[in-house]
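Form predicted alone, single chain, as structure tokens, below.
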């Protein structure tokens, strides 16, 4: 299957701090890849790195991002790719939809390479139907839509140019369970209909299993485990992945106490020496506090943990 995207040895940050470190993964055509982890692990920053929407004081320090074999890190004019060949859905649609313009106007504005006003309008009505919105939404303003309808409008804007790749940054965070399920099913249908590739960011590993083919688990700017969704969910390797799964309510009977992960993700400015998860890990040994584990191939998967070998990050 053809590769749509490949990140090779990506480091992101500045002279004072590295936010993403040695990031390596690929996305194939028609594949859904989920990035999972707590807040502050580097999930959203990974998406912003792909489309080069980084804060002014942050840059790509090292590595390559190959999109359809084109090195994005060398491109100065990202406007010809961003929004056209790579679409993005943000987690708070009300923050990104302009309250002064109708939904129809905003979707039309996102359309590339179409000068005919009539054809643009027809294209918008077609895409509204595809994302499950009635035609009258074309004439409505963002405040007249529910949260779920706003998110569907954002999805319409993201896919109206038939992109190769869709980046979804926690698109169900602010939605109730029923509405969120509708959005997830919509994304799955779009993947099947358009053979679309998707990178889906979420803190919910159960949701990631439902929607994705592959799961990447991130912690403190590192990829600490990577495998198929079923492998990750049913046979997690890294202690952090196991703890994430042990937090899921569906793992417990009624009135059972749900386990939590003690502590919090360390500040990138104050990472512990050695493995960044060592101060929260139940299985740490001496080497964990002294050295940073490198990527280890174990049972056709990638994991960063000294339980599976003594490879140290160089």
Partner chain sequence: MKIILKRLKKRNKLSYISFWIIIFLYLSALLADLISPYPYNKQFRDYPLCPPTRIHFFDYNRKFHLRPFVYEIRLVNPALNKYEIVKEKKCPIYFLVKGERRKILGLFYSDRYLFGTKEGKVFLFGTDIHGRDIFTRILYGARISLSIGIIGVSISFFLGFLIGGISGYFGGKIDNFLMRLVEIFMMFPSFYLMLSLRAVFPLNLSSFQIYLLIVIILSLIGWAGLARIIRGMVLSIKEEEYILAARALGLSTFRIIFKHIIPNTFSYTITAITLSIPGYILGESALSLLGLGIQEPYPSWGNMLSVCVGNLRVLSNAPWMLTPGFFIFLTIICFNFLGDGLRDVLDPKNW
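As the structure is a computational prediction, the values presented were derived from the model and not from experiment. Numbering follows the first chain given and starts at 1.
The form predicted in complex with its partner chain is left out here; the points below concern that form.
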Which of 222-230, 177-185, 124-132, 87-95 lies within 4.5 Å of its partner chain in the predicted bound form, heavy atoms considered? The stretch 87-95
I'd like to know if residue 79 sits close to its partner chain in the predicted bound form, meaning any non-hydrogen atom pair within 4.5 angstroms.
yes
Would residue 110 show up as a contact with its partner chain in the predicted bound form if we use heavy atoms at 4.5 Å?
yes
Any chance residue 73 has a heavy atom within 4.5 Å of its partner chain in the predicted bound form?
no
Using heavy atoms and a 4.5 Å limit, would one call residue 53 a contact residue for its partner chain in the predicted bound form?
yes
The one residue among 48, 284, 28, 64 placing a heavy atom within 4.5 Å of its partner chain in the predicted bound form is 48
Since the partner is left out here, which residues of 141-167 would have a heavy atom within 4.5 Å of its partner chain in the predicted bound form?
141, 143, 157
